[in-house]
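A single chain comes next, written as C-alpha cells; it is the form predicted alone.
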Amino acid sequence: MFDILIKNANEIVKEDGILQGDIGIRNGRIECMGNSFCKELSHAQTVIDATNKTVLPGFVDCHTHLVYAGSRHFEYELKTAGETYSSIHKKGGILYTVEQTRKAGIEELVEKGLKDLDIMLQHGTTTAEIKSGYGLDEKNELKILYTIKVLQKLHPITIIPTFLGAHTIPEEYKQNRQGYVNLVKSMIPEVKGMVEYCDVFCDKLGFTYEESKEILEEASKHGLKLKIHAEQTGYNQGAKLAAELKAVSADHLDYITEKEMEAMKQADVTAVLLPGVTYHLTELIPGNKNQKRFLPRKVRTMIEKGLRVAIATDYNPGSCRTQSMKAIMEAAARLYRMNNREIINAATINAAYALNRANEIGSIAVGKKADLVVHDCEEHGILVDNFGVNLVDTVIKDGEVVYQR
C-alpha cells in the first residue's frame, strides 16, 4: 500500500517529457509513475484525484532575502516614475532595510518569516534558500541566521541558509571599506556551522572584484560553498570570479559577457536569473533611464550556449517583493522570452542544481523525494499563461500532504 497515490493526472511533467496517469509515493519517495506501474497497486492511505490536473515538482526558490523587517513599498512609485535602482540605493535602499532589521527582535522576524514561508508553500515552493545580509554587523547577522535556524525547525519548506554579510558597505564603514571586508571575513568562522553557502554582492553598489574574491576565498577555506551576486547594475567581473572559484551559482547576470558565459559553463556554474527584479525595477519599460533592452537576447544566448539556467524570486523588500515562483515564471516568459519547458526546468531541476540538490529534488523521477505540487490546470502551459492567479491545489512535501486548497 502506498502512503499517497496521485491518480489520473492529465500531465505529469518530468524533466524530459510528459506522462499521464498515477504517481505512487511511499516512505517519502516516488516509487512509481504512469499507468503501467501504478494500476496494480491502486490502494493508498491517501488518494488524491488529479483528474484534469497537472503535477509538477515542487518549485525550488534558490535565491531569497526572506528575513528582514520593515517595508520599502514607497520606493515602488519612484521606480515606476523612472528613478533608477542605483539612485534609490543612495537614498536608502538596502541600508534602510538594515536599519529596520537591526531594530527588530527575533520573535518579530520569525513571525514575519513564517507568514512569508506559508505564502511560498501555498504557491508551490517546497525548497527555498534564505540569505542573511540585512544585519551588516556581527550581532545582527547572527540574529538573522538564528532566525533562519528557527524557521528551519518550524516550517515544512526545506530551507538552505546562506551568509551574505557582504551585501553592501554599512554606513559606519563608508570611509573604511577594508575594515568592513575584514569584519566579514572574521564572521565566517562564527557562522560556518549555521550556513551552507557564502555569498557576496559583487557590484558597484556592493563589493569590488578584489574584495569579493578575498571574502569568498576565506569562506572556501572554512568549507563553505560559494555563491555570488554578479553583473546586476553593470559589469564588475563577478561572473568571471564565479567561474574562477567554481561557485555553485552566479545570480542576476544582466551584464554578463559571452566570454564569461563560456567560462561559467566550463566551471559548471549555474546561472540564476531573477526576472522579477527586471519586472519590479521596470528595467524593460521605455522611459527607464537604465532600460535593459538587451536582456531577452542575452538570456537566449546563455541557453543556446548550453549554460544551465535557473530562475528564482530574489524575494526582498526593495527590488522584488514577491514570494510566488509562478509570478517569476510569468515574468520569465514575458520579459526574457523563455519557452514553457525552459521556464519549468529553470524553476525546478536547474534551481535544484543551484543548491547542489538535483540528485534529490527538482524533478519527478523514481527514487527522488516526493516534493510534488498538483496544479488545477489541464496542461503545464496554462501555469505560465494564466498570469496573476494561484493554481496550486495540493502540495506534497517529503511524501506528506502539507497544503490543500
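Throughout, we count residues from 1 along the sequence that is shown. Keep in mind that what you see is a predicted model, and the values were worked out from it rather than measured.
Missing here is the form predicted together with a small molecule; even so, the following discussion is about that form.
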- Quick one: does residue 135 come within 4.5 Å of the small molecule in the predicted complex, counting heavy atoms only? no
- Task: Determine whether any heavy atom of residue 319 comes within 4.5 Å of a heavy atom of the small molecule in the predicted complex, and answer yes or no.
- Result: yes
- Message: Against the small molecule in the predicted complex, would residue 369 count as a contact residue? Criterion: heavy atoms within 4.5 Å.
- Response: no
- Task: Verify the contact flag for residue 123: yes if a non-hydrogen atom of it lies within 4.5 Å of a non-hydrogen atom of the small molecule in the predicted complex, no if not.
- Result: no
- Query: Among 226 to 234, 112 to 120, 169 to 177, 139 to 147, which stretch sits within 4.5 Å of the small molecule in the predicted complex, heavy atoms only?
  - Reply: 226 to 234
- Three-residue site 280, 326 and 330 fully in contact with the small molecule in the predicted complex at 4.5 Å by heavy atom: no
- Query: Taking the small molecule in the predicted complex as the reference, which of 102, 308, 155, 72 has a non-hydrogen atom within 4.5 Å?
  - Reply: 72
- So which of 264, 241, 219, 94 gets a non-hydrogen atom within 4.5 Å of the small molecule in the predicted complex? 94
